[in-house]
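Alright, here's a single protein chain in two forms, structure 1 and structure 2, each given by itself as structure tokens.
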Structure 1
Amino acid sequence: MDGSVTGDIRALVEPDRVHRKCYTDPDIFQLEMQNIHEKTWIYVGHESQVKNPGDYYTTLVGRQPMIMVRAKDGKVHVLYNRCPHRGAMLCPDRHGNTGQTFKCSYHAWRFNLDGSLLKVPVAEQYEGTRFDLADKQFHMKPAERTESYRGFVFASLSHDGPDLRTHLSGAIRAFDDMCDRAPEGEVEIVPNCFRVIQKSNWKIFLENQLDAVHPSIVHESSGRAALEVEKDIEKRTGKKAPLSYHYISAFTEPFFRWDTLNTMGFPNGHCTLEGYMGLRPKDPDTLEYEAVMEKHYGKARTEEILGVNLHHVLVYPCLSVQSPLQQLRAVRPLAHDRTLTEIWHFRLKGAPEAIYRRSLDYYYLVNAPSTMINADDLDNFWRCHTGLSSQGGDWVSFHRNAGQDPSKDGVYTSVTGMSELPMRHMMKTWADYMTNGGRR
């Protein structure tokens, strides 16, 4: 990136506001793909999506079509979804099993599951040419770097940069919290996900996730309806309503309650929200689960694990993770005004079925595309992007508590739960990536 463009990008991000072009300019979007989504670590999938040799799952890393596949030796590879012969995609489906090899549907070149070229038709006709079966340019190209942490697979399309653990910094807690809550220390993905195309820029979605002001405004009607049902159940039965109603009625909390929450900003743009929702009622299902946990971990370690109140983690720039509920939303930008989100759900290995069903309720009631909660958010994402595309003003305000959030050793802590710290923190990281060629 030349110096003039770098200066132009820097001018778009100020400490307490950002220019609308960050969201609406198609040329800036292409630079984002180049300098962020095709440079840093991006979530590809979970190892349990490809349990057996030949199992594959296709996805996007930035603009690049990729394949996650398990090889015969059990290793998981991430490969570009392209035949090096004439460029045809090798796997057009979202997932499946390719058997012992990849076979191109166009000219039948065959590749081993690690991407190495196995054979080509009429091989004798290549004799005397520059073609060489051992030449890497004729193999399926692997992602420049692939790493996994506790079963979660990431890829980077750059040879340079920190390793995955270093990149994740404080966001690594999302995966530790989710896996530690499993009696067997591992999670397993539920095979299918919800896929939603949002008519808005990808950053609008991420900024919404830790925005503690919007829930009791945007979701007030849904929350109040759930609260009325809760009260009715308790009045008629004398018992507390099922926890699933609280997932929605919690949106009626007044501002002062949201202000008691805590958000944090970690190196590389990651952010967390703590203190939102307790999930340890003293019902038989919870007590059974805690007994299973104590059998595996002991009482002290179980209390340590279940005492974590980490509601939401943003793994910049690609994930929104709700670890206590085993939910994960992957962000796949498609254009400056279109974003694909994949909403995944996980099982805690060794946990009672009732605990899985409890988190499944949240998956369906709050995160599914058919819910009023999600519909409210999608509508506001579209409204924001449409408004930002107008000439009604040039700047987006992130002034709430600007300059007040303390920092120590590169970690920021919000002075109030409703501080716009996460938005400022992510946009500062955005500017760093955009002006340093994808390096931080």
Structure 2
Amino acid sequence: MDGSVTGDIRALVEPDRVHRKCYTDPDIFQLEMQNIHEKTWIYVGHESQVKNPGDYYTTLVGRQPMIMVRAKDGKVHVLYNRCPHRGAMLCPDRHGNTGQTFKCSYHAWRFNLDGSLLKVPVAEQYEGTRFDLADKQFHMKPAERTESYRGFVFASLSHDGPDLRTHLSGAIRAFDDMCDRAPEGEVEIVPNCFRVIQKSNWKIFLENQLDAVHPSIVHESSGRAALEVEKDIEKRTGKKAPLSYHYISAFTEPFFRWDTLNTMGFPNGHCTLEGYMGLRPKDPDTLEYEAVMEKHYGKARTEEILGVNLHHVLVYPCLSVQSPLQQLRAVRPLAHDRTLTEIWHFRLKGAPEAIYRRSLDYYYLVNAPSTMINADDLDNFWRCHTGLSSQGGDWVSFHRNAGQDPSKDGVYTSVTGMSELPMRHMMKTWADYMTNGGRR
């Protein structure tokens, strides 16, 4: 980019449209990583992924390879995956247990689980040098900041900025709603991560998550197919088809139903979509679950918890959470045109097995690599990215219900469920981050 980067960026984002460069320019991608993903709070993982001391998981925060590890004292640390000696990656695999120490494969330096340097071989050869076992430059570098909320671990690679709770603002409901639905008030991760690569810019994925116009169009084929088989099963067996069929056949709902959903935008770019599916059938499994909930929370609080009808929470810029079904997709941008999603689901602690099965069925049908749903989303992401890379037009249109986003105390509410409010809201936040050195 030429000229002043800030001036250029501001010119790319208008209230109702944004320039295609925001998605396709590799330099802008680097700047995004620097000013957004390597500054603000990024989801690393869930504490239940690392149950025992030495358990670790590796992932990316922005462009940085990081390790989440449980130390001997039970504390969870997030460390850069780099040996302070000559740079070798310490954990080249995705997860495992490193025992009492991290062991470097190159010159055998040993680190404690909190990253501090324990021992180096033939240490006497460092005598009289500036090397010092206690000097932090020879320790694994921790993430600048690490915080967790109800077991969900986030890191920020910047010393300044708001704390995690303040940053999350309205998006905190994602974690509250998910955990509150557990009779024991906690969730536990199911130790399986599906990873799917999208051949498109990371923002195209985020914009899709709260786009209530697309589902009945993009997923029409699967919605219709599931609806036919659902009816077929009911005719054949005389019983209701499994609830999982409804997850897909619900995509056939007419436009006016999608329009009744409620979309909101919160400070720092987070968005929510409310009012879809509901998922409070009156079958014996649900009733059993509700009874367990009442035992833990009492009637009034149970009603309050189960009455929350969030469908989707977007934790900007890194997460898409579906709390009522305990699904979580973490976004790891790899390049301007490549995005990795890490897809997980959770168990509600203390809930009957049948309730877990709902989460599992959704995980399978929507989020597994054989998905009949995301298949068509991903295809559209690729089509969008490819189209935007062309000279066929400079602008991406977010005009649907533009200028009709009432706001109060920094919270925006859409006038209709199908409004493009979330896209406008995210890109406005994006421009703030990008032009303000990563501060908002």
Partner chain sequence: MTEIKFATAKPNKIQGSATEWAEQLDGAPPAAAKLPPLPVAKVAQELQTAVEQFLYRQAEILDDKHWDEWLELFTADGHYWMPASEEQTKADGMPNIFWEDLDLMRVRIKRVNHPRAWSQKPPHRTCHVVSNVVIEKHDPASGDVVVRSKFHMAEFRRDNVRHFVGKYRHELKKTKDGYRIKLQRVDPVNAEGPYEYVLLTWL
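Numbers follow structure 1, counted from its first residue as 1. In this text, the rigid core denotes the largest set of C-alpha atoms whose superposition between the two forms falls within 1.5 Å. Quantities reported herein were computed from a predicted structural model and do not represent experimental measurements.
Between the two chain copies, the one drawn from the form predicted alone is structure 1. After superposing the rigid core, the C-alpha of M89 moves by less than 2 Å between structures 1 and 2. Shown in the overlay between structures 1 and 2, fitted on the rigid core, is a CA shift at V218 smaller than 2 Å. Superposition of the core reveals a Cα shift of 2 Å or more for A241 between structures 1 and 2.
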